[in-house]
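Just one chain follows, in the form predicted alone, and it is written as structure tokens.
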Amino acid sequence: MKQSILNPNNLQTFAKEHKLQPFRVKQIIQEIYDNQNIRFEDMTTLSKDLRQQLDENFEILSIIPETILESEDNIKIWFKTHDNFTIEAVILFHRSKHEKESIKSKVHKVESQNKWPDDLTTLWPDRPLNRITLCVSSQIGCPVNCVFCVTGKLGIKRDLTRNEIISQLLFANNFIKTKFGKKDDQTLRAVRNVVFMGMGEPLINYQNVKKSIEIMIAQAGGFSLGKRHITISTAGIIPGIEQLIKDDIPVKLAISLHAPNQKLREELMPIAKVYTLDKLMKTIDDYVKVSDNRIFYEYIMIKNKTDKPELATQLADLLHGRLAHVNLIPYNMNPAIKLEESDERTIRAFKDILEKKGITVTIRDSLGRDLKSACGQLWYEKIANRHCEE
């Protein structure tokens, strides 16, 4: 089995054995992270012999891309691990209002003429904006098992390694480069934001997530991402948040809150029985004191469950005086449970209550619904197939 070139020790050992000069090692690293190449044959700054030697000894990606689905605002990628599990990552394009209207106009035109192109991707802009987000997975499956989330229904298989996490970003950047080319200034397009909101609970896989973030923010031998452009989303794993405080990990923190009281939170998120709401909020307060970071609170809008006006009042009271921003997330379909999305009017009324009480709030766009890659939907196809078989 080939070694991973993402492990610095492997490359350094190879360089010593083959008497490579330091600048050659630097070139190899630049080809991977700066030039966004995931095949040695494409590394044209290196000699043909060196490329062949590298290919014989190393692999770049620790996971294998298997299937790619595209829509107007997202690209869903299935990867196969070496032990034959499947994980998913999602590239999200934050398109302008003008772009969205242009896409709708094109779709309406082909619908009226009933002349659908063979490649539907021709209906949306061939170049993304600079603001591209990658939603990465940190585990195979998820142990938290929130009621409204598809991923936890198949349980947890294992943690992803640092290299498996990094490989998702390497592939995404290469895919973006290949598909969209360079910007007008001739620099490469790349993922600008990384959110640990894919499969798994990142703070349970703390060490590998931490190591992957170190590479993401590294200026040399890394992706040079801004610290404020990485977000860890957690269901409220208190020991993980405490470790973030100790290690001073300089990224954004999003809390999957989803309920403003202990009883409802336990009903929706079994993990709340272990890490209670009062202890969670105290730990978050400690985190804010140290980091001075605004916390993003994710709140799912489920019809007749989480969208009642009295719950909005409770949420406002809970967050009063705290450095907080609430993201209201419309519930996304889950084949394993019968829940419904709150209607737009109810969501806006909920938002109004929060704002009147001084809480900043955003209603999140449900990017990825068409490919079942929106919040809480990763592994949707596996769960849907299992329910069909049953």
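Start at 1 and count along the sequence shown; that's the residue number. Keep in mind that what you see is a predicted model, and the values were worked out from it rather than measured.
Beyond the structure shown, there is the form predicted in complex with a small molecule, which is absent from this document and is the topic of what follows.
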Open item on the list: Using a 4.5 angstroms cut-off on non-hydrogen atoms, would F40 count as touching the small molecule in the predicted bound form?
Closed with: no
Open item on the list: I'd like to check something about G198: if you look in the predicted bound form, is any of its heavy atoms closer than or equal to 4.5 Å to a heavy atom of the small molecule?
Closed with: yes
Open item on the list: Against the small molecule in the predicted bound form, would Y275 count as a contact residue? Criterion: heavy atoms within 4.5 Å.
Closed with: no
Task: Exercise: E298 in contact with the small molecule in the predicted bound form, heavy atom 4.5 Å - done: yes
- [ ] Find the only residue in N74, S233, T283, N163 having a heavy atom within 4.5 Å of the small molecule in the predicted bound form.
- [x] S233
Open item on the list: Looking at heavy atoms inside 4.5 Å, which stretch does the small molecule contact in the predicted bound form, given the options 181-189, 221-229, 82-90, 199-207?
Closed with: 199-207
